[in-house]
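Encoded as structure tokens, the following chain is the form predicted on its own, with no partner shown.
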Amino acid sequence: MEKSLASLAEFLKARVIGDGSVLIRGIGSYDTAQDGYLTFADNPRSLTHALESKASGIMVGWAATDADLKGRSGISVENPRLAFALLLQLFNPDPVATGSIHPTAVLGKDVQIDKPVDIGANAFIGDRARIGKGTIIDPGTYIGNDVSIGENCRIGPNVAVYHHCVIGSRVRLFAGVIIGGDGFGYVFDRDHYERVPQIGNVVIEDDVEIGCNSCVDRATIGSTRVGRGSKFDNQVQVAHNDQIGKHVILAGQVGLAGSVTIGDYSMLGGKSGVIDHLTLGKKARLGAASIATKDVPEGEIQWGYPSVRLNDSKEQMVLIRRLPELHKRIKELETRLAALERSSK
């Protein structure tokens, strides 16, 4: 695929700098871009490197002038990083389903497939499952009975979607994802644990992406739900009956206990966690390795263990660093006080 700078500018609703007829066949960073490639620069330092590169074009911020490119051709956009992502998608489109079903795939009774759908080697599709058109199911994947999967999904290798779960459209489940495994529910009875049957399901709404080896557990009763547009990193754990809002970001190794509610547009940093039955309000943020032990208000940023408001956490860290000094001063005061007490006798 080759596109002129002018056509790329039209696609991005951007402004051409220099020669709009320059042809671009790929996107690259300033240190890897070759002739025929477009690179991007979103600050003066990266622009210096981009100008030294072999790239045929440079994408810069909207405020850039023709003089900034020093005679080079390029595109001026409002948000270079966003434009870079859009062009990567343009030049590297996702695979398109062709209707190929591998001979080793196993399809149960009354499976409904809205063609075209691709199903890879050794995949298993349970009874009464429904697969929407344009969906690609990679090898080794298990789709349980009565599962519904929407259109244009990409279900990676060795994924398991258990019975009665619902997957929306344009959902991406990467390798090893488990949707609808039993929630962790047990009741202690005298000298042993009784399992609480998990009879609910999981509902994944449209445009969700879930990273490798992440798990979303089915509800005890009702549905565990992941809202539209949410994105999970690798090794994320979402427990039974959690309610994840729209466009939520969960970074790697986030762990949510049961019956947690996460508001729309919230962000949780890597290795952070939330104990059961808590609510994080809309646009709340939890810093990396933090543990929320109380509800987090809407829009609030918290950090630490247990998590507190970001400014409070920073003040605590400053005080902790001063502990050796404060300890020394207290010892000195104790010594002086003891000397005064001795002299007063």
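Just so we're on the same page, rigid core means the largest C-alpha set that superposes within 1.5 Å between forms. Don't overthink the numbering: it's just position in the shown sequence, from 1. Since we're looking at a predicted model, the values are computed, not measured.
Although it is not shown, the form predicted in complex with a further copy of the same chain is what the next lines describe.
Colleague: Are any of the heavy atoms in Pro197 no more than 4.5 Å from a heavy atom of a further copy of the same chain in the model of the complex?
Modeller: It does: once a further copy of the same chain is placed as it appears in the model of the complex, Pro197 has a heavy atom within 4.5 Å of it.
Colleague: Ile101 versus a further copy of the same chain, in the model of the complex: is there a non-hydrogen atom within 4.5 Å?
Modeller: Outside the cut-off, so no.
Colleague: Report yes if any heavy atom of Pro44 sits within 4.5 Å of a heavy atom of a further copy of the same chain in the model of the complex; otherwise report no.
Modeller: No, Pro44 sits far enough from a further copy of the same chain in the model of the complex that none of its heavy atoms falls within 4.5 Å.
Colleague: Answer yes if any heavy atom of Val166 is within 4.5 Å of a heavy atom of a further copy of the same chain in the model of the complex; otherwise answer no.
Modeller: No, no contact at 4.5 Å.
Colleague: So which of Val260, Val159, Ile136, Val203 reaches within 4.5 angstroms of a further copy of the same chain in the model of the complex, heavy atom to heavy atom?
Modeller: Of the candidates Val260, Val159, Ile136, Val203, Val159 is the one lying within 4.5 Å of a further copy of the same chain in the model of the complex.
Colleague: Which of Gln237, Ser73, Ser76, Gln243 has a heavy atom within 4.5 Å of a further copy of the same chain in the model of the complex?
Modeller: Filtering the options by heavy-atom distance leaves Gln237.
Colleague: Using a 4.5 Å cut-off on heavy atoms, what residues in 111 to 144 are near a further copy of the same chain in the model of the complex?
Modeller: Those in contact are Ala121, Asn122, Ala123, Phe124, Pro139, Gly140, Tyr142.
Colleague: Superposing on the rigid core, is the CA of Leu23 displaced by 2 Å or more between this form and the one not shown?
Modeller: Where the cores coincide, Leu23 shows only a C-alpha shift between this form and the one not shown that is less than 2 Å.
Colleague: Could you check whether the CA atom of Arg336 moves 2 Å or more between this form and the one not shown, using the rigid core for the fit?
Modeller: It does, since the Arg336 C-alpha is displaced 2 Å or more between this form and the one not shown after the core fit.
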